[in-house]
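One chain comes next, on its own, written as structure tokens: the form predicted alone.
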């Protein structure tokens, strides 16, 4: 009962947030957080529940973003139609890729997905007449306020999490988990492992493409190095799931919050603390330290992931009972 109450209260609080918080900067961070909830949850259904680790989710994100941008650039159609088509086009990219590469297992599939992302990035770069190449695609934002984008991102995040939860608790979800645990055993029980891996990939690609289409509408500019970035999207999706909890429904949401906050923590020099100390004391050392911290976010990510793997191998959500017992001194049996 308490769990269901929390699940109702949190969306209600998020829905009321723009009415209570007027900061555009804070809403921007919340939009990024919600986008990562979608991307992390999408990666998690393929890798966390089906056991097919992907290093190529930037491909689906970028395809969704370019679907929205190209509709406007070539057909003068509102890029918001990309919200309807971006996920579908990403699925159409994912299906032949899965058909070709799902006979591969483990690291071989991961490397194939990496090649997919890098291959599509290269195509988008050289096809200048169609994609604009490195000049990218620019659109005028529809809204001047961030609140509408926030509500759209919130709706997308809620729909993605609820749909993925429903799928995981259904027969296909049980098949996904059986494939993850032992693919050969699943096949011996009559499960069409290739079919269900493709279903999992299609769901994952669809929601990632939807997130990419929203990104195009929100940011107003894309180029191949932005939306097909291996580090910024493919690797970040993995980190979001690992930190929050791979193979859990709400782990990617927790991981998204931690990673966005952690990234901003470094990007702003501990939320402007060192800049403030530099101005207050007149010491150039604090200014230099602020610049060094801003450049160290990748190192910070690495340290965070190492700590999580060593002490919370199942992520924050997966090891929540351990956290309550060891950090908050809460004994479930008590």
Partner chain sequence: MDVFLQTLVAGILKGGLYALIGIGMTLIMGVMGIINLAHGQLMMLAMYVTFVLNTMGVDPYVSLFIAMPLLFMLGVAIQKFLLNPLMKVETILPENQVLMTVGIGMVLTEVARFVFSSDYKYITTGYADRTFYIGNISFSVALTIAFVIALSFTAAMFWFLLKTDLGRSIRATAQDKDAATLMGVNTGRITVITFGLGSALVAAAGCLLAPVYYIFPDLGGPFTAKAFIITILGGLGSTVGAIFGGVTLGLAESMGATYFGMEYEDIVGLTIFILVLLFLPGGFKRLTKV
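Numbering follows the first chain given and starts at 1. Every value quoted in this text rests on a predicted model; they were computed, and no experiment measured them.
From this point on, the text means the form predicted in complex with its partner chain, which you will not see here.
- When contacts are defined as a non-hydrogen atom within 4.5 Å, all of 116, 123 and 247 contact its partner chain in the predicted complex.
- Among residues of the shown chain, residue 106 is one whose heavy atoms approach its partner chain to within 4.5 Å in the predicted complex.
- Although the partner is absent here, residue 285 lies well away from its partner chain in the predicted complex, with no heavy atom inside 4.5 Å.
- Its partner chain in the predicted complex comes within 4.5 Å of a heavy atom belonging to residue 48.
- By the criterion of a heavy atom within 4.5 Å, residue 231 is counted among the residues contacting its partner chain in the predicted complex.
- The stretch that touches its partner chain in the predicted complex, counting heavy atoms within 4.5 Å, is 234 to 242, out of 82 to 90, 152 to 160, 234 to 242, 205 to 213.
- Contacts of stretch 288 to 305 with its partner chain in the predicted complex, defined by any heavy atom lying within 4.5 Å, are made by 292, 295, 296, 298, 299, 301, 302, 303, 305, listed in sequence order.
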